[in-house]
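Starting off, we have a lone chain in the form predicted alone, written out as structure tokens.
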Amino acid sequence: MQVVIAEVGELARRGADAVERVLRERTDPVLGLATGSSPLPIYDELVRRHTEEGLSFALARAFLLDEYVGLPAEHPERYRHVIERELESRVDLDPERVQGPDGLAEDLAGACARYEDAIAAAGGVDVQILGIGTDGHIAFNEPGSSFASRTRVMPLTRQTREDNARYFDGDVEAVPARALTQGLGTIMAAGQIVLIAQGSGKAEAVHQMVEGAVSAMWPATILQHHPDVTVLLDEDAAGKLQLADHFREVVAAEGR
């Protein structure tokens, strides 16, 4: 696990570098896209590279991490609309090659199985972008999630709904109580993982993820077992790391 502590612009550049390598080196690149506020600097940097440097997404497929259950198709906070707004519509990513789990399916379990099949048929995710919740969840894998879990229906904790209420005019009751989410096993199958976190509210979750024991109580700790994970942190998110100075020294040595 590589940990980078830097200002947001540098974090965005490093995250975009990982995506750009996949786009340029593979003939059939597969991206894993997260929503929420954390990945937005990465997406903005990718848009800049597309606009100013000609970086193309035309050959890429993309899979979303999760989707709310039951949110109306036209709702602006459906994650399919969010990723369209924040990335897809701003680059040459074919909408027909962007897929999320179907939170409006009558048969939710069947929709989850089909989603897993689609990821497998695409050859798996090459690079997965992640954020992290204040309780250590990644995607919507809440505390207690099985490390072997695959895409499934997940009840959301009160804490997660409160954290996401800012997207629903502050009304926690408007936040759906369930979501379809890639499981921890699904996420761990990605070739490379890039997790970005900002702000002091994420500091304890980041500390547990990087330095704590691997535990279902902090789902993101499973990433300690992935062979290629980059954790991008601003100073506030890194505020509780005991090894922060060591991580800074390692990154500084890269440029020597």
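In case it trips you up, residue 1 is the first one in the sequence shown, and so on. Every value quoted in this text rests on a predicted model; they were computed, and no experiment measured them.
Note that the form predicted together with a small molecule isn't included here; everything after this is about it.
Shown alone here, Ser37 lies within 4.5 Å of the small molecule in the model of the complex, counting heavy atoms only.
For the chain shown alone, Arg85 is not a contact residue for the small molecule in the model of the complex, no non-hydrogen atom being within 4.5 angstroms.
The small molecule in the model of the complex comes within 4.5 Å of a heavy atom belonging to Tyr167. When contacts are judged by a 4.5 Å heavy atom cut-off, Ile132 counts as touching the small molecule in the model of the complex.
Screening 87 to 95, 124 to 132, 181 to 189, 151 to 159 for residues having heavy atoms within 4.5 Å of the small molecule in the model of the complex returns a single hit, 124 to 132.
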